[in-house]
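One chain follows as structure tokens, the form predicted on its own.
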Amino acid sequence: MSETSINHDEVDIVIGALQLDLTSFMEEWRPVFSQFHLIIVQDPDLKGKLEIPAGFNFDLYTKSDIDGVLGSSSNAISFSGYSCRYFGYLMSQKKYIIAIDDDCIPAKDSTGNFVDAVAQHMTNLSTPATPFFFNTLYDPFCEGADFVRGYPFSLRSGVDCGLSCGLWLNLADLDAPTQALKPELRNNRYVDTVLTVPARTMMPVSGINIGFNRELVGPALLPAFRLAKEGNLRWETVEDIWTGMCVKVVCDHLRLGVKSGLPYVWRKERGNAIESLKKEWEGVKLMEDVVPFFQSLRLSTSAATAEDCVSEIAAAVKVQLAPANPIFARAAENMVELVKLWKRARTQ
């Protein structure tokens, strides 16, 4: 998608700030970010004033803003650490949201050209997805591709794309056990591909580099799942994995698509995998119960919106998962509370 085909007034770029000095990060992204409105959310556990260079159009949210919106929900809902990005989703009024973490800089493609991550996310979101029959030539709406022989013509119009999941060069999004065992492993392969994830197939969604249609799936992209000893570093949390499975179930039910692949960002290193393993291991074990639950989950025909879907998922979590572990009961309660917050934010 060319720059001129993007309606800049429909897009918010959300940045969760986990470091005080954003100067280097913002300058790296200036050619892209300067064209859009930004929502910057400071990690409420980060003390001090953010350093943001001039020349950007942004709204900044801090701990006092978060506490003001949460009100009586502040004891249950947490927007700390990487979860602060979700507060930006809550505050946005735009149709599309692009989120890129502050430890990522623009990548270069296989020919050495700058990758405009926002433009590629918008291409993914504004062209149809094909979740109900897999196209072996990947995304048929990409330049140079089309539907292959045998693809049903009745399915070729596709469906709306609700979520675009970008990837990373350099440090891949590995879990702490894998990164600890393979500390030198890096992702150096730029694969020029986008594909639609098939319906009823779960996937680990990372919040590092994503785009989504807020009007269609926004209520499903809020933080509900917290580990007992959760930290602020990426290896110490699985909240985006839980959220990703929620939004995939929502997309499948509402007949929306999820795309994965381009765009890439270059991800810098942050944290210690071995130290973080002590906190993340609980989440690694819990996923063995969580994945089968989401794989088998089916929502009712009366769930017509993302809010409806999240409420039904919460009810199912309470019945099927909560009896085995109180962490799931808290997640179910948080989901219900977050839907209320979402609805309240829409009416203000």
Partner chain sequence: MANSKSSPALKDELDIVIPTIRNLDFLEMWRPFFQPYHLIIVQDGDPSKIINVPEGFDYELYNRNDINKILGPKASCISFKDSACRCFGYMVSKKKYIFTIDDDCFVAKDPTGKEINALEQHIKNLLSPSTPFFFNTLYDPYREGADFVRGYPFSLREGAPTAVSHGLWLNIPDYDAPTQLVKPRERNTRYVDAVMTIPKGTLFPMCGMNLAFDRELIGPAMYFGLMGDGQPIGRYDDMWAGWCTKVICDHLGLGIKTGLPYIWHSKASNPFVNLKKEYKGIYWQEELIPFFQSATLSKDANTVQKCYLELSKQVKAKLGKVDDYFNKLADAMVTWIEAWDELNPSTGASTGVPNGTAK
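Numbering follows the first chain given and starts at 1. This structure is a prediction, so every number in the text was calculated from the model and none was measured.
Below: the form predicted together with the partner chain, not depicted.
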- Query: At the 4.5 Å heavy atom threshold, is residue 206 in contact with the partner chain in the model of the complex?
  - Reply: yes
- With the partner left out of view, is residue 71 within 4.5 angstroms of the partner chain in the model of the complex by any non-hydrogen atom? no
- Item | 4.5 Å heavy atom contact, residue 201 to the partner chain in the model of the complex | yes
- Query: Is residue 177 a contact residue for the partner chain in the model of the complex, using a 4.5 Å heavy atom cut-off?
  - Reply: yes
- Message: At 4.5 Å by heavy atoms, is each residue in 148, 152 and 284 next to the partner chain in the model of the complex?
- Response: yes
- For the partner chain in the model of the complex, the stretch among 305-313, 49-57, 36-44, 286-294 with residues bearing a heavy atom within 4.5 Å is 286-294
- Message: Suppose contact means any heavy atom within 4.5 Å; which members of 119-147 contact the partner chain in the model of the complex?
- Response: 132, 133, 134, 136, 137, 138, 142, 143, 144, 145, 146, 147
